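One chain comes next, on its own, written out as structure tokens in the form predicted alone.
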């Protein structure tokens, strides 16, 4: 007997929702059957493209009995409510990061999320980037001996709008949170956070009480050091690098260009094309692999995706970094 396809609903038809819709459509064994967005015209437009139903009300879909799993790609302020509704309806849930900006709201849902029989995964898609995942597996295999230092560099090509910055929760919860999860991918037990923030180029980010540039140092329980470098702008494109340094060597993931072609002339050598300039270009494959791992967990029960506890831990680290940057003191954490 042929196993039926998993029926999936998507909440959010904005920029990232469009990406997820394509990933769902391209994933074997999955049918995109519902798309929901308060701006129903966006949901209808996207639903028409994939032959799905559309609604302005995600609860209509969640309680319809017509979906097995949902992907939450709506604004952060809606995540907790939709996660809980999905869990109560017995659905598998893949939710974009962060769970919420308020750790109290996250903790209020913690027991239910951890006791549920269905799968709850968090959208830390960078774990599935081929380069970063490759380094993780080689570190795990002992290729560089004991991991001693990890360096994560993440710089956006340009800052988001002031309207977005105002509701983002700040750079640590909005941007660095991906890097906090990546840090824990390599060093799960973080015990101390030290952060420094600066305003060096954006007046409107400073007006919103946020930083445009930050550096964070994390200390692991075995003495490992993780350094995170973030900036809201980068004149040369989307800057995403990772270095793992150990007792017996180093592994390095460099930036990605559209091709590997280099230009040599009398004026310059080894000139290459600019780096990719948008996160959706660099991480397109990561979003697809993230969904594939989630669907595999739904089918087999073998959960390899980051889950609710990973989302909670990343938010704790983000809050500690914010406290450290504001007070100038290192902050002890227990995850």
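No experiment lies behind these values; they were computed from the predicted model shown. Numbering follows the first chain given and starts at 1.
The same protein also has a form predicted together with a small molecule, omitted here; what follows describes it.
Next on the checklist: For a quick test of understanding: in the model of the complex, does each of 16, 38 and 76 have a heavy atom within 4.5 Å of the small molecule?
Outcome noted: Answer is yes for this spot.
Item to check | Heavy atom contact within 4.5 Å of the small molecule in the model of the complex, the stretch among 241 to 249, 121 to 129, 180 to 188, 108 to 116 | outcome: In short, 121 to 129.
Checklist entry - Would residue 42 show up as a contact with the small molecule in the model of the complex if we use heavy atoms at 4.5 Å? => result Contact check for residue 42: yes, within 4.5 Å of the small molecule in the model of the complex.
Item to check | the small molecule contact in the model of the complex: residue 11, any heavy atom under 4.5 Å | outcome: Residue 11: yes, in contact with the small molecule in the model of the complex.
Item to check | Partner contact for residue 58 in the model of the complex: the small molecule, 4.5 angstroms, heavy atom | outcome: Although the small molecule is absent here, residue 58 would touch it in the model of the complex, with heavy atoms inside 4.5 Å.
Next on the checklist: With the partner left out here, check for me: in the model of the complex, does some heavy atom of residue 170 sit within 4.5 Å of the small molecule?
Outcome noted: No, residue 170 sits far enough from the small molecule in the model of the complex that none of its heavy atoms falls within 4.5 Å.
Item to check | Contacting member of 219, 136, 233, 97, with respect to the small molecule in the model of the complex [4.5 Å, heavy atom] | outcome: Of the listed residues, the single hit is 97.
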